[in-house]
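Starting off, we have a lone chain in the form predicted alone, written out as structure tokens.
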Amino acid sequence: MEYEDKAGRPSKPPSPKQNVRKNLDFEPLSTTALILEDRPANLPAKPAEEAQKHRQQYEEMVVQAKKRELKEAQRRKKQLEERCRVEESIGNAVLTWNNEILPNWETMWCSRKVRDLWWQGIPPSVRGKVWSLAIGNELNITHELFDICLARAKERWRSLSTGGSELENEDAGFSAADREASLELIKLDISRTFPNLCIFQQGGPYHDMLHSILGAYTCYRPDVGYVQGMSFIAAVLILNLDTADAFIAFSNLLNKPCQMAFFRVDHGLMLTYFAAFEVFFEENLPKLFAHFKKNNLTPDIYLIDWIFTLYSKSLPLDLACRIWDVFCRDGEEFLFRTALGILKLFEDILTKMDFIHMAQFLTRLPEDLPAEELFASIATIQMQSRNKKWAQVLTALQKDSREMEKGSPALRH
């Protein structure tokens, strides 16, 4: 008899559904498998058609699950292969930099081979050394000078914290109020420097190093003092160099014409830089340039933050470091070329926006900005206008600006 009780009597033979379940070598870990189960004893049995339909549905689910698992396995394999390729490439690049380029820096740094390697990104393990060599030390700052400036800064901090005035004669023309304001601004800015990393804030492993470099710089250049944005530049250098070498690179970097113009807030020179930028903006992206003009979106709205922090606040840190790599190779021109690369990358989006949305977008760029796409965009930007390169355009604009300041009769007609 087909249906019998369990008291020692034969049970019914396995159903086709159970055979299917046993023959499957893969079973999804979900409740979908329940469609193959018999109904409870107190309910009518499934009709044969419904049971067959459920078997087919389940088998389809298994096939789809296997496909998904295979696709995921292939994706993981591809990821692993790409990671191995990148690691091998970095390893080879490190050997090239350490064994061929750095020992022969003076003769090799401007060669085509090295320039190409530079564009691909400097390996993190040699980045600090390359940056130091590329930035140079025209100011001839020594480790001893850094120690002197740091000692002076510490003395000033003690003096200000106790309300003393014994250092007031040391920096003639710079009031105690100015020095105290710089000290407070440093403290505030450090707390806002790469907050997601949690390494520069109070109690973090790099807090004291960052505080030391910024404090020492205000003593080294009291005429410049501390300006908002400096903390990001110093922080990036600290991540790649020891404290004294980071201070040397920091001081020399800020002494470059473009950085000095911005950090000393030389309005005339800043406007000249913006004007030069717009020459190449119109040349490379005429449609977007016209859209910006129509909406009165001027370069200062988005460029100031990018230039002040050398993109380290605006872009993901690893991408910002790659921008720094080529900036160290090409100088200030690359900062403005990068800006045009960013605008080109998002041209289609920006042309559909009004003033407010463009300003908001450019002052808060997407966090997942892909490095290869940005560098491909930058590569298409031509820094030449009417056969004049960046430096020539900038020099001509500076000359025009000086003549206007003098009220040159030639410009009045």
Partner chain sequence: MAKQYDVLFRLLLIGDSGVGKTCLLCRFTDNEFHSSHISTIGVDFKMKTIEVDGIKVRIQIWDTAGQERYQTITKQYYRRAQGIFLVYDISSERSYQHIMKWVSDVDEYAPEGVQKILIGNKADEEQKRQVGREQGQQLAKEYGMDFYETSACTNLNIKESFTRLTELVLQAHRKELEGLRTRASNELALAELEEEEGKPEGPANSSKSCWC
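Here the structure is a predicted model, which is why all the values come from computation and not from measurement. Numbering follows the first chain given and starts at 1.
The next section is about a form of this same protein that is not shown, the form predicted together with its partner chain.
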Q: Please run the contact check for T272 against its partner chain in the predicted complex: heavy atoms, 4.5 angstroms, yes or no?
A: no
Q) Should A65 be counted as a contact of its partner chain in the predicted complex, where contact means heavy atoms within 4.5 Å? A) no
Q.
Is it the case that S125, even though its partner is missing from this view, gets within 4.5 Å of its partner chain in the predicted complex, heavy atoms only?
A. no
Q | Heavy atom of E81 within 4.5 Å of its partner chain in the predicted complex | A | no
Q: Kindly confirm or deny that L188, R192 and V224 each have some heavy atom within 4.5 angstroms of its partner chain in the predicted complex.
A: yes
Q | Contact residue in the predicted complex, from G229, G215, G121, G341 (heavy atom within 4.5 Å of its partner chain) | A | G229
Q. Within 4.5 Å of its partner chain in the predicted complex, heavy atoms considered, which of N252, S159, T298, T96?
A. T298
Q. Quick one: which of 88-96, 309-317, 102-110, 275-283 gets within 4.5 Å of its partner chain in the predicted complex, going by heavy atoms?
A. 309-317
Q: Heavy atoms within 4.5 Å of its partner chain in the predicted complex is the criterion; list the residues of 341-361 that meet it.
A: D354, F355, I356, H357, A359, Q360
